[in-house]
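Given next, in structure tokens, is a single chain: the form predicted alone.
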């Protein structure tokens, strides 16, 4: 059944892919942006929800970034993300039309000391890693808030936990970029400028999981077509070391120089990979895009849109 869906952050990196996937599944999607729809302004939020009157809200908007911004701006990350969620939940309750809320979560919300791949049963099993505590905890707050409002107002809540994303329209500048986008920019710039080496953060040893944004959006769209209401990991389940990622990125960009590791920079969590066995069962699906193929798409887009991408902060 086609639904009227409001996507927050629907003009951003991941949100725009969610909008595309939902429309491809036949849904009517609204993706208003600032200034008319500003999640930090409760009046704006309430007005938009009353006008759109969505059946479903997918909350993708967030103030986020890679390890650098998590270390530099934990207070803003906490403040803005909690406030946006609170305003949105209040606006949804007042609008009266909402029946389903999809709270986009993050692997950062998992405990920092999980042994092995992170299963949904681990979600509340301990403290977050200090490097991402502020951001990860806002995702827990968002989920608790969503469940509280759902109990009071009769909504269904779905909570996909998304692993590390990469893809077109990402933020590539170093301060706010995630690791894959940061490496794409480093290696692409080095190739274009004929540099002999690229310096990467840390030791290269940490293992992460990387998911193409288009695949992640498809996972969200498929989840929405079920009634599954517990946290659900969305990822590949494949661990890749940062060293391996840098080597694949160098190959895709055509960089042939040296890779140097700045071990004075932090590594973060040593392993962060999701257990996606439940995703495969619930959605009867797994992401089709390989890491190299997804990076190639992203690099091609970045080079074709480099000036605009480099200007995005």
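Residue numbers count along the first chain shown, from 1. Computed from a prediction, not measured in an experiment: that's the story for all the values here.
What comes next is about the form predicted in complex with ligand GDP, which does not appear here.
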{"property": "4.5 angstroms heavy atom contact with ligand GDP in the predicted bound form for residue 186", "result": "yes"}
{"property": "Ligand GDP contact at residue 201 in the predicted bound form, heavy atom, 4.5 Å", "result": "yes"}
{"property": "is_contact(residue 178, ligand GDP) in the predicted bound form, heavy atom dist at most 4.5 Å", "result": "yes"}
{"property": "Partner contact for residue 248 in the predicted bound form: ligand GDP, 4.5 angstroms, heavy atom", "result": "no"}
{"property": "Heavy atom within 4.5 Å of ligand GDP in the predicted bound form - the one residue of 91, 206, 145, 214 that qualifies", "result": "206"}
{"property": "Contact residue in the predicted bound form, chosen from 190, 171, 224, 242 - any heavy atom within 4.5 Å of ligand GDP", "result": "242"}
{"property": "Interface segment, criterion being heavy atoms within 4.5 Å of ligand GDP in the predicted bound form, picked from 281-289, 23-31, 259-267, 36-44", "result": "259-267"}
{"property": "159, 219 and 233 all contacting ligand GDP in the predicted bound form, non-hydrogen atom within 4.5 Å", "result": "no"}
{"property": "Heavy atom contacts to ligand GDP in the predicted bound form at 4.5 Å, residues of 64-90 in sequence order", "result": "66, 67"}
